[in-house]
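Two forms, one chain: they're shown below as structure tokens, one block per form, named structure 1 and structure 2.
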Structure 1
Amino acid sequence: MADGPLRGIRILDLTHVWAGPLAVRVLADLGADVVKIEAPFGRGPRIYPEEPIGGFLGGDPGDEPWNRNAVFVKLMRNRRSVCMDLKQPAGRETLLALVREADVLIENFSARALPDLGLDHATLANANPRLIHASMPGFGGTGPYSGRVAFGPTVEPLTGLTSMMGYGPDEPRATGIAVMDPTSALAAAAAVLAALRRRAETNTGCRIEIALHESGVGYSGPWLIDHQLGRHQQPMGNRHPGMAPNGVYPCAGDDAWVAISCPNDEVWKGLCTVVPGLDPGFDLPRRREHENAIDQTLELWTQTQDKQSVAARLRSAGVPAGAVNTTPDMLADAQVRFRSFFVPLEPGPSIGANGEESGDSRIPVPGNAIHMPGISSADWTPCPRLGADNSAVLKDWLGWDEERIERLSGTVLHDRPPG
């Protein structure tokens, strides 16, 4: 278990897919004691050897492929796993027993899933009035869309983002990265902390709802206010309403690009010292007026050079610039390596930044952007095997003896998918 400021906070994690597990990963990294309540089929494909989206750890499904789903594993560090059938009365009762000992329960089921299991908020709160129940239904538990199926990519168009993103007004583009999921994940982690702090004052729990949809609409706030004030914007590709030039420019090599921003006149003058053919006397209105020509000049200069070299040269002149990085590019970045952002944690082998097997026995996973005392990846634990902690958690949290736990094994408690 990770150390950190949330040490001693007990969290029941009933999340799945991405937004919920990422929210819990943030809290787990901060030291919370997280128990993941899993369904036997909760770890990816039900039919193996169908390959999950990120492949298997080390490229090998092994004897227990459900424990080697790489994308699932990436989100599940610093937790213990209890695999339990909540559709059985004894499973439901066991969960409620755990709820009595928990500080937080977090789930991202659809609005009707927990009530269908007899585990609505009133039941949870009755079991533990100090419980913070964080619920993450896609469209929330009320309102005309509450019954809709919601995934990040299908919620995104309803937030205003898709209407602002694209190569132009007639070419809308989705992000392709389900950005509403991590946005909602961070909101959920923040909501849990806000609730924990309020509970420290009031000694009462609460239900908090973090809807994927509303998290996304929230980030469109400035555009939505401007819209009401009569200022209407449209997609503008890679340009920016407050900066010029601002774009993504081709570099030498296959599909190689560099992102460049010019936020003010001083930076513009720096850009002019590096790139020939630009007029350092241009202010922002003039740069706007000549933006096409400026972009062409920049392209002529960038397209013959390596993307990392272009970015480094510009940054040394004070110009914000970044190579459009692929994953191996990210891994090789000096800053990323210095801060040890990627943490070798899961069983390998792993492919390294150079495209060869790295020789490391551990696969790196993205770390946590919060650097603070008490948080160190040195004490992080890898994703547990399915149901690995059934017995330990029921002993630790509930004080149950081995005989009582054994009676549930194989019927309510599992350590592998059935069949």
Structure 2
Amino acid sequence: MADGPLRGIRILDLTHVWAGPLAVRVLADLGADVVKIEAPFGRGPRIYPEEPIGGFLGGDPGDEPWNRNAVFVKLMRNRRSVCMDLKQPAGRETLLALVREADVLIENFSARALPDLGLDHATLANANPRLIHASMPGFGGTGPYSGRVAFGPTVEPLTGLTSMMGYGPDEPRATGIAVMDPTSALAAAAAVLAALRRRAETNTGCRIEIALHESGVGYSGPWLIDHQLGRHQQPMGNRHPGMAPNGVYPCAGDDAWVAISCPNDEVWKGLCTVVPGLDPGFDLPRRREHENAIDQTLELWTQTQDKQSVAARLRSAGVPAGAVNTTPDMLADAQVRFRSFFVPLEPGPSIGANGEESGDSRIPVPGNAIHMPGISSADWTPCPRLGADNSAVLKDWLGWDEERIERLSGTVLHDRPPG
């Protein structure tokens, strides 16, 4: 595993979708020994009826499409995979044996999922009183919504954030990226680190609970204050309550845009030196009064310009501006490339049934924003194949022999989806 500051910390990863896997990826990048506990169908069926969201790694499903799900793969580096059926008594007992050896267990099931399997927190803590159990249910473990199955796009409207998105009061919009997931993920990773420090002092574990819903409510702070003060807020699109102009403007080319912001009068005067037809004498109240006309003037000018060159020209005049990057732009961005944020870790599209790679092509995946001594992508490992480490983990963590493991293979333990 990665040789980072968390080396020696054992984590059982029972997460799925985005919020939980991203939290674990941060900890895995920091060097924790992470064992991914997967259901036999956790990565999908043997034969996909259609392409999954995000497609297949490198655009190629290969001979094992369940191991090529791109969204899954990008989140699952630096782990070992144990595929077991927790609905079977032997699967439950095997998990509890692993819990006795673990430092942390992370899951983001609904509040009722683990209790229904006979694996509630009391059972886990009884197996290992030093265990840190991080739970990430959509609405928490208590309250009238606690039994609901939650996904970011369905949680987000309940946080109040959606009511402030969009381009006017009649057009609320969701963010489109389930922003509660990544914010909850980072909160969970930080909470686990805090709990590990607490355990070092008390020698006892604890249960951490992070609700996606509550993670999103924090975004509504300014609007809650405005409501308390009797002010009315409504969606403003790309505009800003304290700056004008402020927005995203079309440029020459297909789906090309530039973001421009004018925080004060000095910047406005700089903008006027570059864009013809603007009045440098306008203060903020006048700019707010004529914001539609200003935006129209900016659009007529920017749509004749290349987004990168116009952004550079505006910045040289002291105007905060930046090209809006598409995904290919982001991969090619000079800053991103200089800092090697995207890591060429995953094998290319030509993958055989045994996982062998044809050629030396590598697919870049997002790196880690944390830069500190002892953390490097040089020792990171790609997403493991389903059940690739069944035997190794049970031998390493539990000391089981091959005969005992073999008795569970094909019934409790799997290395491919049943079918």
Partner chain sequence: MPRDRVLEIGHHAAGYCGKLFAHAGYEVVRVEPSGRAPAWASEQALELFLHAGKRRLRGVDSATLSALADAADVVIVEAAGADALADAGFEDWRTPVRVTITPYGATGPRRNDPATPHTLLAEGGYTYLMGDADRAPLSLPGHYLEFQSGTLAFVAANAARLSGSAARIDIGMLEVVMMMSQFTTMQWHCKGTVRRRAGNEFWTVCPSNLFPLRDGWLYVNIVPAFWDAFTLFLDKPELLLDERFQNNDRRMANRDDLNAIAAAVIASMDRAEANRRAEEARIPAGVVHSLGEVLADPHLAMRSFWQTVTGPDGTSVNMPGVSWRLDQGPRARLETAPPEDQGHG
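Note that the structure is a prediction, hence the values are computed from the model and not measured. The term rigid core refers to the maximal set of C-alpha atoms that superpose within 1.5 Å between the two forms. Each residue is numbered by where it sits in the sequence of structure 1, with counting from 1.
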>> Deciding between structure 1 and structure 2, tell me which is the form predicted alone.
In response: 2
>> Using a rigid core superposition, assess whether N126 undergoes a CA shift of 2 Å or more between structure 1 and structure 2.
In response: no
>> Once the core is aligned, does D116 move its Cα by at least 2 Å between structure 1 and structure 2?
In response: no
>> Once the core is aligned, does G270 move its Cα by at least 2 Å between structure 1 and structure 2?
In response: yes
> How many angstrom apart are the two C-alpha positions of L298 between structure 1 and structure 2, if you fit on the rigid core?
Replying inline: 3.7
>> Please report, in Å, how much the Cα atom of R288 moves between structure 1 and structure 2 when the rigid core is superposed.
In response: 4.6
